[in-house]
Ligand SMILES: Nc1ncnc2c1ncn2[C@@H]1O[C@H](COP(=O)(O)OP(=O)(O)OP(=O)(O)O)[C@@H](O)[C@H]1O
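Heads up, the chain below is alone and in the form predicted alone; it's given as structure tokens.
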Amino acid sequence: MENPFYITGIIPEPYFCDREKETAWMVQTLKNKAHILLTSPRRMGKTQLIRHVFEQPAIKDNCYTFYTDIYPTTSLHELVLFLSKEIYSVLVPKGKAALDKFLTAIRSLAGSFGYDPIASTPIFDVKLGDIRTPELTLEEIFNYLEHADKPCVFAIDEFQQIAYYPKKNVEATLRTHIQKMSNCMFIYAGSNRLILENMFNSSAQPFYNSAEQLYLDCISKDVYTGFAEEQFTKAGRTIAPEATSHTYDLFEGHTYYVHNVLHNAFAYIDSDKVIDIEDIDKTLSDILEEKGRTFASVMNQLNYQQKETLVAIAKEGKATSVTSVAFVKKHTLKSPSSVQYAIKTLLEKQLLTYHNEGRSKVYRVSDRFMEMWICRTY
């Protein structure tokens, strides 16, 4: 029996849990030719939701759909490379006519494409150094999308990354092109809610008020546990209701982590056994042990102040007033100023995340498995 708890790749429709309202809203918003800002904590399922929306008949049957994650990019040159590579990869299966139209449009890179003499097709052989005029190539990309033979939907994940590019007018450049387009709708997605909402909600920013906004939160407990138990039943397996409830509560419904534990429980626990809470805890321990070497390597790259600050926040779970004397004393830290400096670095390394509750910042270790491993190890 196929494992119904997918943790990689595109999730087939029968194994996709809920998000019905979000899916319907996104499809309708795109059909109405509006852009979307989709934010969520990391690993809450936004990428899978985008892929799921792309598979809906109203989108799949009528549009070209593109998705790229620009988190690794650090410049406009790299952004252009990622966008063009994604368009190329989507168009290759569409046939020669569709691909030729794109290659003709990207004149600034025309000499950089390779050619496969056996398959008689071009090869995307563009190197970063080939992009000498990124502004021109970007204009050509958007011009292609605007004049494509079908409407386009382009999802750009971790969109906040452009705020870190050394060239400071990238937002304005993108917005100048996008606001003129009518044939391509964009989904701007990301996990840094504060930066993204500032980009789209501040009147001083180029993308101000240019997208409909959706925040992706946890799937409700009743819906998720019902889905999980149903998947086990369909596979001829049994999991105790208290075990699914326990798994959900361990991660407060954070989709990826709940799914990961259930995936491993389904894969490695004997199929004749009724899975109980003890089995879930054992499965989680095995996952943490497996990931422990990687987490230890990350910790070894931190200096002492950074490490002890990360440990303190992990033990708090959700940490507030982290530079207060009380927090410093409770966790035997060096000083409020050292904590402040350490947190800045940990945020830059994406090891910490935070959100605002009123006037307070609430910090948490970004990876919930790492948070648990730290609490067990230190």
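Every value quoted in this text rests on a predicted model; they were computed, and no experiment measured them. Residue indices: 1-based, along the sequence shown.
There is also a form predicted in complex with the named molecule; it is not shown, and the following applies to it.
Asker: Just one of 56, 353, 29, 48 has a heavy atom within 4.5 angstroms of the named molecule in the predicted bound form, so which one?
Answerer: After the contact test, the surviving option is 48.
Asker: Here the chain is shown alone; which of 228, 219, 81, 280 has a heavy atom within 4.5 Å of the named molecule in the predicted bound form?
Answerer: Selected option: 219.
Asker: Which of these stretches, 333-341, 39-47, 58-66, 317-325, has heavy atoms within 4.5 Å of the named molecule in the predicted bound form?
Answerer: Result for this chain: 39-47.
Asker: Does any part of residue 191 reach within 4.5 Å of the named molecule in the predicted bound form? Heavy atoms only, please.
Answerer: Residue 191 belongs to the contact set for the named molecule.
Asker: Report whether the minimum heavy atom distance between residue 16 and the named molecule in the predicted bound form is within 4.5 Å.
Answerer: Contact with the named molecule, yes.
Asker: Is residue 256 part of the interface with the named molecule in the predicted bound form - any heavy atom within 4.5 Å?
Answerer: Contact check for residue 256: yes, within 4.5 Å of the named molecule in the predicted bound form.
Asker: I'd like to know whether residue 158 contacts the named molecule in the predicted bound form, with contact meaning heavy atoms within 4.5 angstroms.
Answerer: Yes - in the predicted bound form, heavy atoms of residue 158 and the named molecule come within 4.5 Å of each other.
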